[in-house]
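Single chain ahead, written as structure tokens, the form predicted alone.
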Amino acid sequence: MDRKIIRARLLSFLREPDSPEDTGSFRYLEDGGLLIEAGRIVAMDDFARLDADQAQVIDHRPHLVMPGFIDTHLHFPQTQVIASWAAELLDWLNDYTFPEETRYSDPALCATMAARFLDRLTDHGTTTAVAYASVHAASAEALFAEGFRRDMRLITGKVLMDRNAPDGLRDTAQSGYDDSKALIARWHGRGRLGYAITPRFAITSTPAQMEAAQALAAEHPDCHIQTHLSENHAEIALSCQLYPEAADYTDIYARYGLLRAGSLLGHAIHLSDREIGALAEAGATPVFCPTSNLFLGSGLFDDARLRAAGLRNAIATDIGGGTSYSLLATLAEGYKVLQLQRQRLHPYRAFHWITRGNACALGLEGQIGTLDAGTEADLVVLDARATPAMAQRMERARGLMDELFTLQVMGDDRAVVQTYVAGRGVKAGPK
């Protein structure tokens, strides 16, 4: 039966909450129903008001249903180097990440790992991902194919890197351009897929390759751009050494036309006032990656400073420098990073961030990130009593905010009862 109604407590944000008291920023139904047809939400209403005739009713009470989580920065080929010890970013890349990514020249490995990668995401409630593939076209091809098979909203791209990487992990300016063009032609806009033009970072691309990325961006203005910016002091120094004509790290990307709306800049920690102004003027999006920033000791993301300049920040797991696939765990670490700077991440804003907020950052708020009629039926079902410790905490919960904060601080994949991708339940297991 294609027509179904999800019955549960429902929560969907209308705008970003101004404060912990801003209950007008969301819609919350104690006994709600989502009418779903052909993978889209037709209506969100009190269950009693919906016509359940000829509909399959799936009752998730007393659990909470929200839009599926949106992860805006993570690395498909790094799933097996999570929790690898290293001194800091560049050591971690050279000792673990680059050797691991050389394996992704093998199409069979890519296909196997693409299925496992997307399983891990949906197990944790993530229904949309913006992911880096490896330098090999086969890695992006496999991830696109698996995403298409699942009808999942997925943005990815072949990494561009033609220097400062080992044998087997470099392309050329021309081959990177050609491979990207072919992947865009084959996959961009097909199903729920999108392409991200993906120079890894300035250190691993020559000026010729940056020019090739610039050409791709000009030829495909509807593609996202993803790269890394100002994660680590040693990275910044080397980038500026390699591009001495640039005013700073941010200016490297600006000179090659890679700063615009739809540019996703991972980390963006150590920025000057000039750089922040340039990002705001371009409409680019910094991406906060708290678990990897803490794991690699990179620094503290200054969310309030960037927001004060008019920037819209996204948030992400950054697997595999990040240490968890869970955007709930990401919110927990993000809360701590901001607490250290006397910034407050209250639970309404936190859950807005990983749903509608990240959708807005991607320019996709009309398609994902809410439970609005007409949007894609990507959902997560959450249980704030999923573990004994959470259940014990919830005995003293005073309402929705306490429930959300319990999920934010104590939750992980065990709190995800079910995940729906385009209206289809995809999480296996006893729940």
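Note that the structure is predicted; figures quoted are calculated from it, not measured. In this text, residue numbers run from 1 along the sequence as written.
Although it is not shown, the form predicted together with ligand GUN is what the next lines describe.
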Which of these residues, L89, L306, L183, L238, gets a heavy atom within 4.5 Å of ligand GUN in the predicted bound form? L89
Among the candidate residues K158, H267, H124, H224, which is the single one with a non-hydrogen atom no more than 4.5 Å from ligand GUN in the predicted bound form? H267
Where, among 143-151, 110-118, 173-181, 197-205, do residues come within 4.5 Å of ligand GUN in the predicted bound form by heavy atom distance? 197-205
Could you tell me if all three of L93, S292 and D318 have a heavy atom no more than 4.5 Å from ligand GUN in the predicted bound form? yes
Does the 4.5 Å heavy atom contact test between L296 and ligand GUN in the predicted bound form come out positive? yes
I'd like to know whether Q78 contacts ligand GUN in the predicted bound form, with contact meaning heavy atoms within 4.5 angstroms. yes
Considering only heavy atoms, tell me if H228 and ligand GUN come within 4.5 Å of each other in the predicted bound form. yes
